[in-house]
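Next up is one chain by itself, shown in structure tokens, the form predicted alone.
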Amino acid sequence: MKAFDIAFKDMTRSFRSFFAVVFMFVVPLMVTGMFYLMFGNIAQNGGFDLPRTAVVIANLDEGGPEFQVNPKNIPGGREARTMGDLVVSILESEDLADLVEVSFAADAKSARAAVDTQQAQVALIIPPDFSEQFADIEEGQAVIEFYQDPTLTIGPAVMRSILDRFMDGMGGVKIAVNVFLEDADLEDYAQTGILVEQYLDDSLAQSEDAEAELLEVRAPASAPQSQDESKQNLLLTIIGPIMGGMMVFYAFYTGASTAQSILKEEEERTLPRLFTTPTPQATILTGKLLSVFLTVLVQVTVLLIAARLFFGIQWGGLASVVLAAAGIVLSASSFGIFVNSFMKDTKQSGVLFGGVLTVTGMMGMIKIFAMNSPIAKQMGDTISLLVPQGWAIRGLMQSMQGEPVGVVLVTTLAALAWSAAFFAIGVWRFNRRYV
């Protein structure tokens, strides 16, 4: 019980600090509130409005083994004679009319020049052997040159997302064609038109979700909703991850600053005097470290409740939220103990707060703030998990998205593995320091 007495005494000291209270509770809620106000107009308008991406196409495809596609399935009733025509037809379809504005160039040089002079955002250059490479089942590689304005992000990202969908499907078509020809023992490539036509239908149907898939800010569709409810859910879909990221970010700051009190007491000579009392050193250090966990626990609990009350954020089922919160508390506390164990004195706190926590915190939140960039989001899946903040945020996002408890548990166990390693190293170094 002596360890708990020491822990509660340190906690009381922390919560008496006006600066600490503002940093733990006010700042995360205030930052989220700013985003709430900024994105409120987006929710009122029902979503994001993307400008059309200006795409110039140089279709140089000279064709290959002939295939037939039913012209009624091609936008405008035109018949696609080459695979290049098929690409153009999909991009000119009504399903993509709100996303893509298509123009044409006579050659590759003219297409690139249109981008360089900002007449277009993206140039697609379909090579002369595009159809021929597609028809070469064994070794052919059908490639489209993607040339973009390097100063732009959203428009080219939309276009790349559509093309990736198309090219991935083409790979599946080639495999299907190969299997078909082997089974039928045919050499006539005209039969492949059936498969290509089917793929065209699927591509046009899937393209309707391109914009929504890119943004991922649609309201949940679990039940019929009024217009006001849909707008509110859209807003929470944006605000929820931001609040979660802020909570994790500042929880790690609290863990580090609370653990730093050990160094501060060492400098003030109160810790060495405490070691001279009858209380065992292990009990004293246990109380000091326990105060770190309890302080972060109070912070995370208050922020979860406050965000629910102020912003209406749904954190998920009770079991999932408890697991995610446990991952945050243990990760933030143990990481603070670990980092402080390497500090000689509080003068090095600038390195700790301005460097280590900021960099690792931004790495952990990269997925949240890269939600409009598929490329950055894909990179964020890997980069964020290189730091403990990434695992803490991952568990919280899984809970918010309604993932099964077992999935959240796996993520929490991974966060606990980080925590155990950080805690063991930190305690070992502090024990050696005060032996």
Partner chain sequence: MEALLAIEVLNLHKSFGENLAVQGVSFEVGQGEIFSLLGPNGAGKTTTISMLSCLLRPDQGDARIMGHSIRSDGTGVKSALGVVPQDIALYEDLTARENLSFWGKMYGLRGAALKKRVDEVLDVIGLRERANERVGKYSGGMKRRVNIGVALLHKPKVIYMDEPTVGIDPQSRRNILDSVVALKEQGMTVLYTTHYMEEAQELSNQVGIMDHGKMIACGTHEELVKLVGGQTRIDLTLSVDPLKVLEAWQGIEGVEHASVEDGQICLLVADSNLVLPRLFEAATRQSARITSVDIREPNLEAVFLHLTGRALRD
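Residue numbers count along the first chain shown, from 1. Just so we're clear, the structure is a prediction, and the values are computed from it rather than from any experiment.
The discussion below concerns the form predicted together with its partner chain, not included here.
Q. In terms of non-hydrogen atoms within 4.5 angstroms, which of the given stretches 315-323, 266-274, 293-301, 126-134 touches its partner chain in the predicted bound form?
A. The contacting stretch is 266-274.
Q: Find out whether any non-hydrogen atom of Arg433 is located within 4.5 angstroms of its partner chain in the predicted bound form, and reply yes or no.
A: Looking in the predicted bound form, residue contacts with its partner chain do not include Arg433, since no heavy atom lies within 4.5 Å.
Q: Examine Thr279 and determine whether its closest non-hydrogen atom to its partner chain in the predicted bound form is within 4.5 angstroms.
A: Contact with its partner chain, yes.
Q) Taking the shortest heavy atom distance, is Lys2 within 4.5 Å of its partner chain in the predicted bound form? A) Answer yes; at least one heavy atom of Lys2 falls within 4.5 Å of its partner chain in the predicted bound form.
Q: Could you run down 4-38 and flag each residue that has a heavy atom within 4.5 Å of its partner chain in the predicted bound form?
A: The stretch 4-38, when checked against its partner chain in the predicted bound form, contributes Asp5, Ile6, Lys9, Thr12, Arg13, Arg16 at the 4.5 Å heavy-atom cut-off.
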